[in-house]
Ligand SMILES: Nc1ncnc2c1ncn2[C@@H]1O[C@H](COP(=O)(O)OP(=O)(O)O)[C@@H](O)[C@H]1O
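Have a look below at one chain only, the form predicted on its own, in structure tokens format.
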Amino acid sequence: MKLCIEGLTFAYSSRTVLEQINLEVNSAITVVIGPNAVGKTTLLKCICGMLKPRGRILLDGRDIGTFTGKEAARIVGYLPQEIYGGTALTVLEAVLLGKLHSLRWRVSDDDLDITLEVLEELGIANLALRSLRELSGGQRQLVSIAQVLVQRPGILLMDEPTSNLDLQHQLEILTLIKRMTRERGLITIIAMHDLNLAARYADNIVVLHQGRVYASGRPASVLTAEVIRAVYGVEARVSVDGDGVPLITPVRSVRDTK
């Protein structure tokens, strides 16, 4: 699959957030980085159809805007940054809602099997009958991830999927997402703040700055001291480990050097 974004522009009222975004994304993990309020979440919402930008978003040559609601729900899975845990649903019921586009009045054995399989993969099968109200923020985050993965989408959009997770779960979730992306040929786009996690798990990185694409490419070519200084206003040391993965060590804010 190939996702092409052509001339994407979006504004909230009179404030332009994204301007002339042009990207071509293939089956791999693309991580979108950039400072707060740069438009990472807005870009994901435009791709999944929650927002209506100017420009075109094409999946294998077809404009995503022409997809029916059921087609879009089957093809695009979106994990928002906000987690909602006030519902009385159980974990199993909440994750099954990810299959809403295919559910009947009676849950099929296939839907149930897929749901339980995803819960096992995420290590939360033991929580299946627990209420969401009883869970920690990290556990609810895992349930939200399960709800997206159970859709078996072709395009996986995730906004800060490792927020609220401890270090062990961050690594396990990103490893699982990377494996699923490769095995299923997914187009996976992740908005992320942690540059070192982005460097380790991304196939490609897109840097947003002032509403535009400032740089894009392989992690080693994008995550340079020069780019980090220009985009984040931070001086950093950038080294490369034995696997060719950049390691970023922030040193100081550029404002501190004035």
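What you see is a predicted model, and the numbers here were worked out from it, not measured in a lab. Numbers follow the displayed sequence, beginning with 1.
This protein has a second form, the form predicted together with the named molecule, left out of what is shown; the following refers to that one.
A residue is said to contact a partner when one of its heavy atoms sits within 4.5 Å of a partner heavy atom; G211 fails this definition for the named molecule in the model of the complex, lying far away. Put simply, Q81 is close to the named molecule in the model of the complex: some heavy atom of it is within 4.5 Å. With a 4.5 Å cutoff on heavy atoms, T41 counts as touching the named molecule in the model of the complex.
Contact between P53 and the named molecule in the model of the complex is not found at the 4.5 Å heavy atom cutoff. Remark: of stretches 233-241, 246-254, 8-16, 21-29, the one touching the named molecule in the model of the complex is 8-16 (heavy atom within 4.5 Å).
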